[in-house]
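One chain follows as structure tokens, the form predicted alone.
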Amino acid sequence: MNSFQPPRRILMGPGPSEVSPRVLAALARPTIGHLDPAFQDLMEEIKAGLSRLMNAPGYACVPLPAPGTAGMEAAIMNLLQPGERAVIAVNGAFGGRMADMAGRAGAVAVVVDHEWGQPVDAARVEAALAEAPAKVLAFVHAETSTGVRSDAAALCAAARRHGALSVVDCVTSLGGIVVDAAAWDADVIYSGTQKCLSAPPGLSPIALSPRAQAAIAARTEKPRNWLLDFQLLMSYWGGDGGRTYHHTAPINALYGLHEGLVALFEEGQQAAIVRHARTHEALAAGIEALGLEFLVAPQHRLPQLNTVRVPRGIDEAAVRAKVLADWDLEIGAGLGPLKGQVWRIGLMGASATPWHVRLCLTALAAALADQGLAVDARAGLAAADRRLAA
């Protein structure tokens, strides 16, 4: 075997996003023990940073030792017991995954289906909640498969009115748009490090409200997983008087998350949100000047995940292959019913810069021209620059 030397890629797909140089440097710091007093101090700083980022005072905020999907699984498996009813709003691939997990937990999953590319309809969800008591309402705030944003505040309020616990998937939203546990009165929020936090994949920040913690403590049987059993996890992450060994924490990955949080707070949470919005507006102006269309209506678009329709007659996979080969640029394909119909372009974390916008427009225009589609690359760049200068 030889040492692996990865190619230098520019990551503008649905995730992972580019990892900032300072986070990469943090990952290379010396490994210490997961019960070392210095590492325990770091754990407390990470918990406080996550609470601040999600505006989750009084919540239990910890990073789970696995990617964002682990947050989903932890939420579903810890809250639901066999036979309990869960309402799951599905408007894309990750809402569908929630419903699958609820079924695996033995719960009765009531799926409220939506067209992909549309936000979750709070009125339809409330009607499902009103039909019979539900333990959980689960939905995706920022649906990565479509680039659509749903109204988390309205959906969490509907859950409260009907006595359900709310589970909110914020994997793509955290750090790019407002995530506000306290204002939403959400019960569980989970995310991932590989999107707008500019850290590598492998950790899933999660926040649980006092209500959610009480519901977990009141279970009559153990959750159907061990590593993500919240009661066991908190014996390690709880602090205040010592920690009990639960698992060997991914120490260097936690260095990276910590550095990502430090960088985000140095920039300012609001400044980061404005940066994501500004780069999205520039990309959108450029995309439209190239004659291309978005899947999602403007008022529901995620700034950090842009879903662009593939023009008729264009081989979308060939475009992705061309921009990767010629520009080292990665953009994403469509999932499920959108396979072959869209590109997913990420502007997340360190990938949300004017330079990335200009590169993407230039590369995309060249790849489309290679297939015979007449596009004006200069017009696309000029439109983006005008928006950036506004």
Ligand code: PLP
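For every residue, the number given is its place in the sequence shown, counted from 1. Note that the coordinates shown come from a computational prediction; the quantities given were computed from them, not determined experimentally.
Although it is not shown, the form predicted in complex with this ligand is what the next lines describe.
Put simply, of Gln194, Asn306, Asn78, Ser150 only one has a heavy atom within 4.5 Å of this ligand in the predicted bound form, and it is Gln194. Just one of Leu257, Met72, Leu155, Val87 comes within 4.5 Å of this ligand in the predicted bound form, counting any heavy atom, and that one is Met72. Note that among 223-231, 115-123, 163-171, 210-218, the stretch whose heavy atoms approach this ligand to within 4.5 Å in the predicted bound form is 163-171. Heavy atoms of every residue among Phe94, Arg97 and Ala142 are located within 4.5 Å of this ligand in the predicted bound form. Mapping the unseen interface onto this chain, Gly68 counts among the residues with a heavy atom inside 4.5 Å of this ligand in the predicted bound form.
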